[in-house]
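Let's start with one chain on its own, the form predicted on its own, as structure tokens.
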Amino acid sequence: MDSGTLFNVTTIAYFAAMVLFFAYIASKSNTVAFVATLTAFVGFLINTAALGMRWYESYQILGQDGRAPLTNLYESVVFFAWTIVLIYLLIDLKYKQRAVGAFVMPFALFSMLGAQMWLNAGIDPLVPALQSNWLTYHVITCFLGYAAFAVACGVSIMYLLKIGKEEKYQGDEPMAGILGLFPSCRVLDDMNYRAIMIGFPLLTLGIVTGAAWANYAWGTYWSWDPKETWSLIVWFLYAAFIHARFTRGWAGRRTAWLSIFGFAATIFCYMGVNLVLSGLHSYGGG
């Protein structure tokens, strides 16, 4: 069994987990919620095995030039799916709010589908700029940060869906219907904040390791390449979130919208810059 087959099975598992999470919201069955979480975990394990297999295959194809599966757009997208599920499962250990999975697993699923359907899965030799251990440090820290922002975006969408209903609800009993299975707005707001507090230091570390890598590859720490510029924009957006939270007491709708807008900027920094703009990171579009 090769890595491509394992990635296909991962995609199926993430799809099944997403459907099960939606089924939990519809059925309110704790058994369905448990099976959904278990399916997501199994998919994560298969995704891990697929990444390990691809790493092994790179040595089979490239010999001593084999490398970690993090060097082209295909590999980064499937790794992004892996990090999203990792961060989600870790946060689920603390909050155990299974409805959140319905709003996070689609990010992992669409990442896998996009990689499988549209990106080149070939294992090619590294260009000279990528032949550095800084690549591994940079990609891992950046994508763990991106994954935390994806989770924050998912819970922010849930918050905005629920807050209007919660403000109008006057009953003493728990809220009925689908929204009743959502965590309270207070919990969702806290999850948004905590996810960003995980992602922001990781993004910062990713920018720092990227600067070190740039100095190794191109002889300069910063060159205002489109990728570097957009990563700085994303950093400022989340820095503004944290600043507003601590100094202005921002919470609720404003921070939810800022989280969603920040993740949209993150996706453009990751995909849009690689596919639309040219620069030193153009090889990332391959």
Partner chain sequence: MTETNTKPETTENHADKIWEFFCSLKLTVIILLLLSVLSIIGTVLQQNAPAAEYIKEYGQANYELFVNLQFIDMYHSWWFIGLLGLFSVNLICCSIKNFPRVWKFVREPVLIASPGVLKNSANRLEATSKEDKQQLADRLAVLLKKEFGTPQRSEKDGKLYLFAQKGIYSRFGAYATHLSILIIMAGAIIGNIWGYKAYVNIVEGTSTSQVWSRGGQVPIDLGFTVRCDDFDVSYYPNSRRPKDYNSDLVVLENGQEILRKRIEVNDPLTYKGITFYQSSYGSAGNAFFQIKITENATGKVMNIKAGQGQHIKLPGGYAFSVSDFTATGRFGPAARIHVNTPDGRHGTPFMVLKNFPDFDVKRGGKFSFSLIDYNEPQFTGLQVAKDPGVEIVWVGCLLMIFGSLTAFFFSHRRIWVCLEDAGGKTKIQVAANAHRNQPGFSLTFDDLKLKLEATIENKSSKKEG
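Residue numbers count along the first chain shown, from 1. Computed from a predicted structure; not experimentally measured.
Below, we refer to the form predicted together with its partner chain, which is not included among the displayed structures.
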Among 201-209, 85-93, 136-144, 99-107, which stretch has residues whose heavy atoms lie within 4.5 Å of its partner chain in the predicted bound form?
201-209
Hey, in the predicted bound form, does P226 get a heavy atom within 4.5 angstroms of its partner chain?
yes
Classify Y193 as contacting or not contacting its partner chain in the predicted bound form by the rule of any non-hydrogen atom within 4.5 angstroms, answering yes or no.
yes
Check V42 for me: does it contact its partner chain in the predicted bound form (non-hydrogen atoms, 4.5 angstroms)?
no
Taking its partner chain as it sits in the predicted bound form, is G114 in contact with it (heavy atom to heavy atom, 4.5 Å or less)?
no
Looking in the predicted bound form, is its partner chain within 4.5 Å of a heavy atom from each of G4, Q60 and F263?
no
Exactly one residue in V187, M197, L161, L119 has a non-hydrogen atom within 4.5 Å of its partner chain in the predicted bound form; which is it?
M197
Between A244, A26, A68, V35, only one gets a heavy atom within 4.5 angstroms of its partner chain in the predicted bound form; which residue is that?
A244
Only counting heavy atoms and a 4.5 Å limit, does any residue of 199-222 reach its partner chain in the predicted bound form, and if so which ones?
F200, P201, T204, L205, V208, A211, A212, W213, N215, Y216, A217, W218, G219, T220, Y221
What direction does the G249-G199 Cα distance move in the predicted bound form compared with the shown chain, closer or farther, given a change of 3 Å or more?
farther
Looking in the predicted bound form, are the Cα atoms of T247 and C185 closer together or farther apart than here, the change being 3 Å or more?
closer
